[in-house]
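Only one chain is given next, in structure tokens, and it is the form predicted on its own.
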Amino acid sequence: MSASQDTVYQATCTAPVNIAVVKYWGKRDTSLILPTNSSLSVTLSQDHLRSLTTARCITSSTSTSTSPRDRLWLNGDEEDINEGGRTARCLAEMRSLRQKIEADNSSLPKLSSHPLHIASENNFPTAAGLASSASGLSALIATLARLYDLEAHGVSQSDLSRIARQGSGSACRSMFGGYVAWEQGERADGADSVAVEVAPASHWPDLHALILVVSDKKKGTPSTAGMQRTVATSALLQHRIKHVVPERMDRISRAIRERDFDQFALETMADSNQFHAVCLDTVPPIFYLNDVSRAVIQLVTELNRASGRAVAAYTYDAGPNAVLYVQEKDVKLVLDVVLQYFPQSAASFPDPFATGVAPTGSKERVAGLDGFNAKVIPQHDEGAVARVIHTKVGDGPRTLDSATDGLLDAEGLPKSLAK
């Protein structure tokens, strides 16, 4: 929180993208976004993928409007804050926490009574198929927590994750860095459905992620509609909820704590496969993977088989884009294989999010793998994979200096709108 001579209260934070390795699919409460099963994700580096948010309290000394109200801009466009909607609920929850603090200490400024101006931007392309809502909502909650000074008054990251969850389910996991579990909870009010840290990024820092953007087309079945159809019609989902996920959460958490990539890869790929099997078990069936998605699965499977160990682990959310988890020592090999079968133009690779580990461009490394079946899939045309984004495991929300990095100008409007 920063203040000027006229007491400007504002804060700026960033928050990361997370990619689940044990999927959440289905809600037991659609209003509170309470999941039918627990899930686990890897937080990706904000050096490459993040949402940036600035929030300011609009006080009498900072407002130029006769009737100030809450306003929100996403990537420069103003969005409605609908009464009773998810964003409005998150704002109300955060204000409620601040009000309790103000009630206990009358000397504190009454920030909870002022309208808010909020601006948020993503630094990754919207066509990348990444869940921008998760990083965006967690950036909003982190920024308001900083603005309202909540953590200094005993509000924990898990407390904040409960509120982020109500805006976007997987946003609760982006409130932490490293390896994060979202516990499904049992209470009807959702108080115990929160995110917790399994291990920080520093515990296993050499895990990288290669995101293969297969399609930027809008998916035929939105996630919210798809998961509710699955809950209503899939018998396999009930087996997954009761038996598969609880045991897998234990095994993959142990693999992370022990830095056992073979076990981590096994559980990650198995869960992705079963998640999409559950989608197929839905009535009518839901198809998120396409031919290119399946070709990537075949390629990774053959690479692991020929290597005699897990070199890469694929996972797919509700869409065709692949995320490959890879240890740092294997990044160049996996990139060489991917680019041999899914060539990229100079304009698309190396891309602006590359971390500096570039492929060799040689096919000899693939041919040098004993027993590797080079005909496992055909070489695809350029563009079958539109973009390869290379990043790694990263930290949780960061606080920035609003004066230098903030998105709002002196009038409390987005700087991007200035002429």
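These numbers were taken from a predicted model, which means no experiment stands behind them. Heads up: residue numbers just count along the shown sequence, starting at 1.
Although it is not shown, the form predicted together with another copy of the chain is what the next lines describe.
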Triple contact flag Q99, H117 and Y148 to another copy of the chain in the model of the complex, non-hydrogen atom at 4.5 angstroms: no
Option from 230-238, 84-92, 168-176, 70-78 whose residues, in the model of the complex, bring a heavy atom within 4.5 Å of another copy of the chain: 230-238
4.5 Å heavy atom contact, H208 to another copy of the chain in the model of the complex: no
Close approach of Y314 to another copy of the chain in the model of the complex, 4.5 Å, heavy atom: yes
Any non-hydrogen atom of P285 within 4.5 angstroms of another copy of the chain in the model of the complex: yes
Contact of R162 with another copy of the chain in the model of the complex (heavy atom, 4.5 Å): no
Of V278, V213, A181, A310, the one that lies within 4.5 Å of another copy of the chain in the model of the complex (heavy atoms): V278
Position in contact with another copy of the chain when the complex is considered in the model of the complex, options A386, L369, L32, V376, heavy atoms within 4.5 Å: V376
Those residues of 285-319 which, in the model of the complex, come within 4.5 Å of another copy of the chain by heavy atom: P285, F287, Y288, L289, N290, D291, R294, I297, Q298, T301, Y314
